[in-house]
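To begin, one chain is listed below as structure tokens, in the form predicted on its own.
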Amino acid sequence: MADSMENRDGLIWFDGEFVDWKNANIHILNHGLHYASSVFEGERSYSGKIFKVREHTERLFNSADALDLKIPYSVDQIIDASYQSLKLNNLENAYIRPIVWRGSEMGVSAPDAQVHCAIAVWEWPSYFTPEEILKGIKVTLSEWKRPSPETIPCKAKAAGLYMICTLAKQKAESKGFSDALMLDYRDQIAETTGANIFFISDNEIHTPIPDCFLDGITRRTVIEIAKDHGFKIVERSMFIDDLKDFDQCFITGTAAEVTPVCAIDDQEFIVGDEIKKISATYIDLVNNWSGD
């Protein structure tokens, strides 16, 4: 069971000011809660440097634009507040969660609702246990699918889009799996509930085209790492029947980093040197990050 986030020590940046963690509250009649008019980011700080913080923050603004949310701060102000949050909470290795939402002006349409913004930081190790990362995680196929881009703002990291992810992951965990694989509305392989997915055969890495789900920042980073290591990257439509053509599988995300997959239901994979090489390079990159 996940630990409650309510009664923690620390400070949260909330609409331009730092407030005590326990007092960072909003009203129950809140548009973001009732109508999912909320966007967020997931970032990691390594040794005091937030990996690709500008890219993450710009995506936050793009997500907000997709939901007609006008963030009342600049990209630089959000970046500065993220670093202030780390400093005031005495953290260097941490997870950073900026979130933007509409306030308590209710109604399905709320164009004049006040837009709020907060940033919380906390210590959060890898999304999976050290044993899972060493041996690979077990994944099962979900009954829930990523919807058509005609029905959702699929390029936005929007809270409402994670409802089916929550359902899929909870169902998977109840059956003894670590995560769930989601197909899209065309029955093509899409992603897991919170990470992009890759498959390896010989010197080729195949991955689904992100046309109805997020093209993750970690995904793009790992693609560049793989290219530098001499892998051929193939972005294509993929189906469940294609799984048998691959020896290795891994997922990527800010929370998951680079995590190998040892099985998708009955299809087993090895955790080979190729995944270990990509993972080691990624960890070295984020721990020596000097950009913004």
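Everything numeric here is computed off the predicted structure, so don't read it as measured data. Don't overthink the numbering: it's just position in the shown sequence, from 1.
Absent from the display: the form predicted in complex with a small molecule. The rest refers to it.
- Of the candidate stretches 156-164, 77-85, 98-106, 200-208, only 156-164 contains residues with a heavy atom within 4.5 Å of the small molecule in the predicted complex.
- Using a 4.5 angstroms limit between non-hydrogen atoms, Gly136 is distant from the small molecule in the predicted complex.
- None of the heavy atoms of Ser178 is located within 4.5 Å of the small molecule in the predicted complex.
- Under a 4.5 angstroms non-hydrogen atom cutoff, the small molecule in the predicted complex has His56 among its neighbouring residues.
- In the predicted complex, at least one heavy atom of Ala195 sits within 4.5 Å of a heavy atom of the small molecule.
- Distance criterion of 4.5 Å from any heavy atom to the small molecule in the predicted complex singles out Thr254 from the list Thr259, Ser45, Thr254, Ser37.
- When the small molecule is considered in the predicted complex, only one residue from Leu183, Ala110, Leu214, Ile71 comes within 4.5 Å through any heavy atom, namely Leu214.
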